[in-house]
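Quick heads-up: it's one chain on its own, the form predicted on its own, in structure tokens.
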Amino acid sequence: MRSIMLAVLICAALLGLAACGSKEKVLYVFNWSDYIDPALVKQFEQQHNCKVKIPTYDSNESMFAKIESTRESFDIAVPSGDHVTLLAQKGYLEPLDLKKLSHWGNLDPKLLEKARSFDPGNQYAVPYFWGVTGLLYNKKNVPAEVLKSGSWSMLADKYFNGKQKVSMLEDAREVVGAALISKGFGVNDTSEQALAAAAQVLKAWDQNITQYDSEAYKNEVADGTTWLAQAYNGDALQQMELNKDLGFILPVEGSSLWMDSMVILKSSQNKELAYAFIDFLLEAENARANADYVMYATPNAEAGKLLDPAFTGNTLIYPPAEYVDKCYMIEFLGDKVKAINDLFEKIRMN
């Protein structure tokens, strides 16, 4: 009897080991919300017999703070350019092994060159999408006379006084950057003169600002809770597809220009699966489908050839060269960024 029981226990142990060995792998992709086609995620899960979990964040600052402070092990993150530099300097990023990215060649060489401004040698970051920031509005609530200037200055328009119907992003670089641009400075200018001018502009805008939030506006402009909101162009266009009463403006003074990238964290427990996921998204057809879903400009040149001309010809997604010339890439500023962050906090907490 004892020998039979021993055999049963051994079999149970072996079955348990087999079950552990076949346990479904989980890939953690730390991302912005609504920033990947769910159908592609499902397709990857089926192809690789895994689960992809996508915890989200609403600002680069909160993303960085979570990576720096948490014990959770994310595999992939999707930071903007200046935070790629910061993560790399802190030693959190895995250097890319391009031999594991068979579709790397699909990326536009010109945009890879731009990416070197925050990732020298394209050592850590795989360009994901790029875009600009502007103003999303509800046509039912914002009259044409307010919109006709096409300027950032409409954030301070007297029409909005006391209505509590305007919002800006919860992003120091975007909010202060817009104020800097409105006064003729670049988004990376931290001189006393530039920040003093920006502070005056922000004080005027803040009289109309209800909240600084990077998520709620997506629904609130549509339902009339908010009438005018600083917005990322792709997020705005996603909402415009659902609601024809919405419009979007690229302010005449220019805007910030950003590029988000996929990076693999050194702490990743599934680096091979992370490479497979990134390479999957670099495939031309998958990159096309992803661009169609998120409505941002893709850095994938081969995907661009597959996109509908109506998409690539949309100047709110791909602004004309003369507008891009008025835009500023958000750069890593090191300790100088504290002056921008402090100004934002002062205005936000006022």
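For every residue, the number given is its place in the sequence shown, counted from 1. Remember, predicted model here, so these are calculated numbers, not experimental data.
Another form, the form predicted in complex with ligand SPD, is not on view; read the next lines as being about it.
Residue contact with ligand SPD in the model of the complex: Lys165 places no heavy atom within 4.5 Å of it.
In the model of the complex, no heavy atom of Asp75 sits within 4.5 Å of ligand SPD.
Contact annotation for Gln43: none of its heavy atoms lies within 4.5 Å of ligand SPD in the model of the complex. Not displayed here, ligand SPD is approached by Tyr35 to within 4.5 Å at the level of heavy atoms in the model of the complex.
Look at 118 to 126, 138 to 146, 99 to 107, 232 to 240: in the model of the complex, residues with non-hydrogen atoms within 4.5 angstroms of ligand SPD sit in 232 to 240. Proximity to ligand SPD in the model of the complex holds for all of Lys218, Tyr296 and Ile330, with the criterion being a heavy atom within 4.5 Å.
Contact annotation for 159 to 179: residues with any non-hydrogen atom within 4.5 angstroms of ligand SPD in the model of the complex are Asp171, Glu174, listed in sequence order.
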